[in-house]
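Here we start with a single chain on its own, the form predicted on its own, put down as structure tokens.
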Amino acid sequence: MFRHYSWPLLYLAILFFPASIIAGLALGGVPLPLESLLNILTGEQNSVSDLIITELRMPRVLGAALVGGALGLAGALAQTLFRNPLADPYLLGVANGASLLVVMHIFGWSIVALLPISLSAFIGGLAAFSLVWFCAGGRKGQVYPLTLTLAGVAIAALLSALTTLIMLLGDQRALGPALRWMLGSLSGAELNQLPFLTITLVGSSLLAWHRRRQLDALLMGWNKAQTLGVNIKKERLLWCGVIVLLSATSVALAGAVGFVGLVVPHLTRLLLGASHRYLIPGSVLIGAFLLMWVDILCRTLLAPEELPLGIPMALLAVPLLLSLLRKHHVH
């Protein structure tokens, strides 16, 4: 639609990025006047308002931007690698594995309860992917998109069933926090949790940009890409690892936020085209914008109560996705 204006649109998005951050800091259950916000950001202390900004909203806004960008990039990579327009970062069972260990942590099961919750999510995501890779034939080096997808769906269903079983058998007082985490929430985000996800997102983005030609070749299929000199085994393992790393670190911070990685790449292609020259930065920026504004909705719609990220995300994403599928006949 706007593919002739790809770079101007990206530059415009970068320029409006600070405005979205300021909106995220100002809006919430307790709206802050812009003047007070600017005073706090320029170093003038204002007791309660200062606490709201620095301790509560700043980690949420920055966390939403990082998680949205990471899931957007992971979704774009997954759809390219598997040549499946309905693929998302959780296709490899990462979210389900992370959810299982986090629910075990919340309910105080075994040694998992002794670990930090973010570390539990990360270990669970990586373990789930390892199991999917093994079941798909990764040990023998014979991994194909269809088998990997089917293995991911099967393992995800198994892990989801185990998670539900733990929630049924565990202390019902912990059921609320477990459900909120599984639907996604940034309410517990802290600034000291952000550096690792920041490094992961920046490093993955730079790597994807550096190898954008190989990613463009993968769009033609693994066999055709191989005839162009692309090392399929290397690319497959590399990008699966990047997808898992981005997904696991995102889930560890914000819980299992659905639909971001599925919808964002489609929006980016619609606006900027399928070339990874634009798809990589576009997916990161659009994902960041989307989740920042969804988090603002979560904080303001039912204030002082707060919605999990998954509810407004689904309400926004499902009609959009169905519209894209109907308009462009995605198969």
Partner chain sequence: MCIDVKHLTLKQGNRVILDNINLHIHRGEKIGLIGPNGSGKTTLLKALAGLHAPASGNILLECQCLNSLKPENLAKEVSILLQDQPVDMPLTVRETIELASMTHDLNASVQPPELKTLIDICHLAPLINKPVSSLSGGERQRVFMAQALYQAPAILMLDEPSNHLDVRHIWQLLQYCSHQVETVIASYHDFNLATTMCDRLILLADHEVKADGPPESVLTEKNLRKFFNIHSEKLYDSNGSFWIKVNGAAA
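Keep in mind that what you see is a predicted model, and the values were worked out from it rather than measured. Residue numbers count along the first chain shown, from 1.
The form predicted together with the partner chain exists for this protein as well; it is not shown, and the discussion that follows is about that form.
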Triple contact flag 172, 180 and 306 to the partner chain in the predicted bound form, non-hydrogen atom at 4.5 angstroms: no
Any idea which of 274-282, 260-268, 294-302, 63-71 reaches within 4.5 Å of the partner chain in the predicted bound form, heavy atoms considered? 274-282
What is the one choice in 186, 240, 217, 252 with a heavy atom within 4.5 Å of the partner chain in the predicted bound form? 217
I'd like to know whether residue 192 contacts the partner chain in the predicted bound form, with contact meaning heavy atoms within 4.5 angstroms. no
Any chance residue 245 has a heavy atom within 4.5 Å of the partner chain in the predicted bound form? no
Heavy atom to heavy atom, is residue 231 within 4.5 Å of the partner chain in the predicted bound form? yes
Contact between residue 227 and the partner chain in the predicted bound form at 4.5 Å, heavy atoms? yes
So which bits of 239-253 sit within 4.5 Å of the partner chain in the predicted bound form, heavy atoms only? none
